[in-house]
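Consider the single chain below, provided in structure tokens and representing the form predicted on its own.
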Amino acid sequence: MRLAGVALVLLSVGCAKDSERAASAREALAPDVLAGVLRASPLPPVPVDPTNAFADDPRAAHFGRVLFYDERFSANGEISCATCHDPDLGWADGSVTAAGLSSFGLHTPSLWNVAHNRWFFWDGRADTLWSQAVEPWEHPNEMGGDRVSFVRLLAADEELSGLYTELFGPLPDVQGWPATAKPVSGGGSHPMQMAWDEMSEESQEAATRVIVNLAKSVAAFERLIVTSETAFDRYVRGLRDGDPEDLSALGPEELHGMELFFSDARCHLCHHGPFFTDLEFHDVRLPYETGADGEPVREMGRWDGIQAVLKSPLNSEGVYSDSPAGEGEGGPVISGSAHGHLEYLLRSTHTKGEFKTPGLRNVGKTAPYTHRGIYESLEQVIAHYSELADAPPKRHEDVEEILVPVHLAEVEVAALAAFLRSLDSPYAGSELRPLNVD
């Protein structure tokens, strides 16, 4: 009993020291910095997606994994989702801009923590993870496939058809269907559109239902792509419990960068919370590209994205959503998501040139940066925001004043970059690679 009492005394002393250590570490930070840091860790659980009844079905995730790496869902049989979202390249491709069947001028975003997104694509033209997955399959510059061919492929492949029917029931009868067909935006005379128009409404609905089911399976797989604990997370845990090893997870340079990030450097105004993003859209005043005529190319960004998501038959409020009203039996609507709020979208002139704020977890592993991949390093990105020396004139006189030059010293740029790299996760998602690769 006496030994147990001594142990309790020692334990209480140890707890008191940890508590004091945590309090001292918190007091060393400015209140606004401390508040931002504590809000940024730990990661919340993957949110419920009521629009996808198969979002958390392990069978769907397995099927989605198979589909993700299958090159047969492209027009040339050589491109899969993993071509642009390679797990060995941070679920991106490491290129300046993506290239499928051809280049299309946008940098490939990473899939890390993608299930937490509110909008998808750089312009937010999709509002669910599964509706996003449909477009690359059929886009002429990406994979160039079509939903009718996909149904035929499933029917001809015993493994794929078995996985599909276990989840979604029998495939539709393709007798009488054209060999290839899909709806094409603005393509009344396009051969694919003409073949699509020849199909009955019932057949069109059946083919669309199949590609949506495939996309919901891919989304179930992509919901597993979640970063693990980082040095920053360990440090934040130390701020709460006082563990000395956790508090030492960040060095002096990283701590300096963290303080700048959440204060004078103004990074936190757009990059905050557990994923270091406000999940919204901003004009970050990147230098213009020049067109063939020598004139600057004016990107429309969110302006076009809002119109596209509102018109899409695959948006979260359409007939292919498993909860178009906004509530599902599995829980509340997606945390921080757009689901159920499309009617509040405002397509104003200020949305022209705005692009989605990317999350910063694993940002040190996913160069190059911005929606056009124009900066090769974190230091270059920080320099742009620090000086705005390469920024074009403001589009609007009353533009939001988030971006202002802060004139960081060289040592401050280095400290910010060091802090951003402390957000990198050691987890590589190795168990999410193709099933036939060790």
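Start at 1 and count along the sequence shown; that's the residue number. Keep in mind the model is a prediction, meaning the values are calculated, not measured.
Beyond what is shown, the protein has a form predicted together with heme C; the following relates to that form.
- Proximity to heme C in the predicted complex, defined as a heavy atom within 4.5 Å, holds among Ala99, Leu153, Val184, Met199 only for Ala99.
- Scanning Thr227, Thr357, Thr351, Ser312 against heme C in the predicted complex with a 4.5 Å heavy atom cut-off leaves one residue, Thr357.
- Using a 4.5 Å heavy atom cutoff, Gln132, Glu222 and Cys270 all lie near heme C in the predicted complex.
- Using a 4.5 Å cutoff between non-hydrogen atoms, Ala207 does not count as a contact of heme C in the predicted complex.
- In the predicted complex, heme C stays beyond 4.5 Å of every heavy atom belonging to Asp322.
- At a distance threshold of 4.5 angstroms between non-hydrogen atoms, Met258 is out of contact with heme C in the predicted complex.
- In the predicted complex, no heavy atom of Val236 sits within 4.5 Å of heme C.
- The chain is drawn here without heme C; in the predicted complex, the stretch among 173-181, 358-366, 158-166, 303-311 whose residues come within 4.5 Å of it by any heavy atom is 358-366.
- Contacts with heme C in the predicted complex, taken as any heavy atom within 4.5 Å, map within 269-304 to Cys270, His271, His282, Val284, Leu286.
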